[in-house]
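Take a look at this single chain, the form predicted alone, given in structure tokens.
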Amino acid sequence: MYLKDKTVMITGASRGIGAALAKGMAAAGADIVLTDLEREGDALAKVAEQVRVSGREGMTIPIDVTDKSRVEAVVAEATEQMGQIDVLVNNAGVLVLSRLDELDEKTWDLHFDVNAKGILLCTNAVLPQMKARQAGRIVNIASLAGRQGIAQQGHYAATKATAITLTRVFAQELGDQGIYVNALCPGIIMTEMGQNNLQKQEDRDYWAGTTALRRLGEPEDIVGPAVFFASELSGFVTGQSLNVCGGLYFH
């Protein structure tokens, strides 16, 4: 129960890594504020019900992380209902495959709006209450792509490199106020997005064979590292980006 009596707000919580984190962090003792786009309401409600089955409170609320006023309104509403937000998990993300030489400006802007600006807006929205308490935890879900770049994902990789940089700078700017900021860099995780990227079994087998553990990741593999960063277990760790990749990458 490393997160006992903490409240965790998770963006992009309706599926994949976000849903796994909601359930896993609830099992670690946290109440969860589950957020996602309004069109994901039904899926979000199902995850919230699984949170409640574990005995914790699960609040759902729609959000568009690219909309500053909406982000601030969601944080205010969640804080009013739950008392405070102890941990923010910036998980919302988008990936549309494209070669850089074929990438249109609209797709570029979409990725930076969601994957990079969304982190900035959500983090800034929760900071006033964390600063007032001189305590708080921010966990950003970056990607191994942000470490090295991946063909057809250059725009996505650029946003995840930005997430890593924001993590480092926020940590430097907020550490003296008791606020920890860290990031996770998942490798190949078999979410809906991961499955779409690796539709052929031979491709999945190939990439599994490139990892030290000889397997691809599941969303649940991200839970333990997230709980570590969200709790006192990481009491002397901030500004770090941890690869969670099964030994696919070693830098």
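The numbering used is simple: start at 1 and walk along the sequence shown. Only a predicted model underlies this, so the values are computations on that prediction, with no experimental measurement involved.
The same protein also has a form predicted in complex with a small molecule, omitted here; what follows describes it.
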| item | value |
| --- | --- |
| Proximity of E192 to the small molecule in the predicted complex, heavy atoms at 4.5 Å | yes |
| 4.5 Å heavy atom contact, G16 and the small molecule in the predicted complex | yes |
| Any non-hydrogen atom of Y156 within 4.5 angstroms of the small molecule in the predicted complex | yes |
| is_contact(G58, the small molecule) in the predicted complex, heavy atom dist at most 4.5 Å | no |
| Candidate stretches 47-55, 180-188, 25-33, 202-210, one within 4.5 Å of the small molecule in the predicted complex by heavy atom | 180-188 |
| Site test, N91, V114 and S143 vs the small molecule in the predicted complex, non-hydrogen atom cutoff 4.5 Å | yes |
